[in-house]
Structures are given as structure tokens and as C-alpha cells.
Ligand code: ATP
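Given next, in C-alpha cells, is a single chain: the form predicted on its own.
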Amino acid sequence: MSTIRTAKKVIYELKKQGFDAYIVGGAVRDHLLKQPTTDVDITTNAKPHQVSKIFKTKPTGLKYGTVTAMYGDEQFEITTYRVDGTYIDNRHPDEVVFVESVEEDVKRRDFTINGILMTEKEEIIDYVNGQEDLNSKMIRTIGDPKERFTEDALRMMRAFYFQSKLGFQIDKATRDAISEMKENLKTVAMERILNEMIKLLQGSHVRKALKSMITTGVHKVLPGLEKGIVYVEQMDEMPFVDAFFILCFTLNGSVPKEWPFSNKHRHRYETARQLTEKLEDFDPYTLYTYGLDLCLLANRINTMLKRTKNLKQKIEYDYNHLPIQSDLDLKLRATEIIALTNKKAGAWVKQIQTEMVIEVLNQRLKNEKSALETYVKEHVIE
């Protein structure tokens, strides 16, 4: 977390040492739009080692001229004015060259609305007509969009993220370049694309961004999302992140391996996707096995897909009235089962527990110790 108020003090300290410095990027954009800011970036002609003599710093991107400086309990990314060398992977320059001109630094950045500078006195310096694009609510690359996207293909996804966040239009030349160069996204690490996708889905103007993804054809190069994006863009209400991905993967038929979800999320998405195939058949054993959250999620997806009605109240009622919700609720413990049968522990214990769970859930067996003991005696072969 960093604030513009404190950033002004950081700039003052740099200037006291004879350096130039400005607030740059999203913080200036959001300040001018009267939106809250969370991270404030500073650009300066001071080299990283010089910044480190003024502030306590961490070397978070020395290769690119960036250090993170601590000021009180806030921290700021401070980057030396630079121009970038050749981009070798559609994402990172093979080298950077420090320069003395802040104008040169600004012109290597992504979009005009992110290229506005602000002094410690809140004076605005704008070399790229960013204020004009803010006023006309336009997302436009700085300079030739093909060059900007060749340098860093992820900028195409960031255009959609800013559209979702701000509700702006994407300039036609920028949009046309995305259409032409969308295949370059396949060279970008999926972790970065997933991160932009999640931020996009949390914006206030998701539908507008999804529509632009369809218009440019980007939805076709995102594994497993094509059908879902087309469907969601037409929905009355936009789904949250988890519901969006599960809906997409339900229409796709699987969770593509390319997406670097955590094991927890991948299991959640795949299980919920499989549960959507059950439609209304959330029987007691399904509710018991998968739990309330996943069953509700699967029903919500099916409701969005108009496959079934909203069964939220029924599912919640049925789950809350299950005779047991875990095998730990059984009134007969595994140790008691073993003692009762005089058999050695083994897989048979789990098997008999599962059988009793099913019988109890279907109300063919009472969850009472005496009834369970009788069941064990009748069904365990010595």
C-alpha cells in the first residue's frame, strides 16, 4: 500500500539530493479520475544505487532499473528513466538503457492514460496526450500499437483489464492491432494471462471487456474460454470469478491443463464441472460427498446455463437435514468396529463405514450405536 501524499515526500527527498522525480502510471490516472489509488510508482533520473543511498530499498527489479523503497510503513517502486532494448520473448527486453530524459521514458510505456506524469506539487506533465484520452474515455497505446504489442504481448490483455476497470472504449487502431497480433499471447506465461483475466473479471465493466475480446478474436486463443466468453457476454448479470471459470469449463467439457490454477482451484473447478452433469439429482449421498458449497455452485452454473431452475433453498434444506454430514458423525468408531469383529484393521473397515453411511443417508439404518453394531455383525464376514 502506498499513497500519493507520501510519494510527494519521497520525491522531495530525491530532489534534495539533486535528482528529478515524478509520480507516473496508474496512480496519476486514478488520481485524475478521482478514484482510489493503492500503489504509487515513481520515476527518476537517479540510478538504483543512488536511490539506495537515500532510502532503505529492496532490489525488486535491478535488471530493469527498479528498486522498492521503504518510507515509513509505505513502499514505492522507484524506476530509473530508461528505454528498452530488443524484446526477445514478446514480454521482456533483453536489456535496458538508462536515459536522462523523462519524456523518452514515458514514450516506451504502454497506454497514454498510464503515461501521465505528476510532480510533488500535483502539476501534470503530459507528453502523450493521456489527459485527452482520459477525458474522451479512450484506451490507446503510446505510439504504434503493433510496436507496443510486439514488445509486450501481455499489453493486449491489459487493454481489456483497463476497459473492465474504467469502462473506456479501446481505440480502433489499438483494437485492430490486437486482432492482428492476438496469437502472440500464446508466447506469454499463462500465470500472467490468468492474473490479468482475474483482475478483468473483478472490474465494473466486465461485459464491455468480454465483448472486445470477442470482437478482436482474443477469446479464441484463451484455452477453454471461447464458448464461455460468448455465453457470458450475453448474460444479464456477470458471474464472479469462480462461477465464470466453471461455466466456461462446463461448456468446454474440461479444465484445460494450460491454466496454472492451484491444485485446490483446479479440483474445485473440475469437481463443480462434473457436478453440473447431475442437474437436479442432488441426492443425499451427492450432498454428503461433495458438500454444500460445490453443490450450490454447480446448481448456480446450471441455472446460468438455463438447464434447470434455481434450487438453492432446496439444496440448503436437504443438506442441513442430512442425518449425517461426515463419517465422523457415525455413532460407531472404527476402533469399536474392529473390537466388535475381532478382525485386524484393514480396508474392510472403511468399506463397512461407507456402507453404513449410505444406509443412514437413505434412512434405511438409524445412526444409533446399537443399530450400527447389529449392522456390522450381520455384514462383516469373519
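No experiment lies behind these values; they were computed from the predicted model shown. In this text, residue numbers run from 1 along the sequence as written.
Only in words, not in the display: the form predicted together with the ligand, which the text now covers.
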Partner proximity in the predicted bound form: D110 to the ligand, non-hydrogen atom cutoff 4.5 Å
yes
Is E226 close enough to the ligand in the predicted bound form to count, meaning some heavy atom within 4.5 Å?
no
In the predicted bound form, G65 touching the ligand (heavy atom, 4.5 Å):
no
Does any heavy atom of R140 come within 4.5 Å of a heavy atom of the ligand in the predicted bound form?
no
Looking at K165, R273, H219, R300, which has any heavy atom no more than 4.5 Å from the ligand in the predicted bound form?
K165
From the list S212, T286, N114, T80, which entry has a heavy atom within 4.5 Å of the ligand in the predicted bound form?
N114
Please name which of the stretches 232 to 240, 120 to 128, 204 to 212, 152 to 160 has residues with heavy atoms lying within 4.5 Å of the ligand in the predicted bound form.
152 to 160
May I ask you to list the residues of 20 to 59 that have any heavy atom within 4.5 angstroms of the ligand in the predicted bound form, in sequence order?
G25, G26, R29, D30, D41
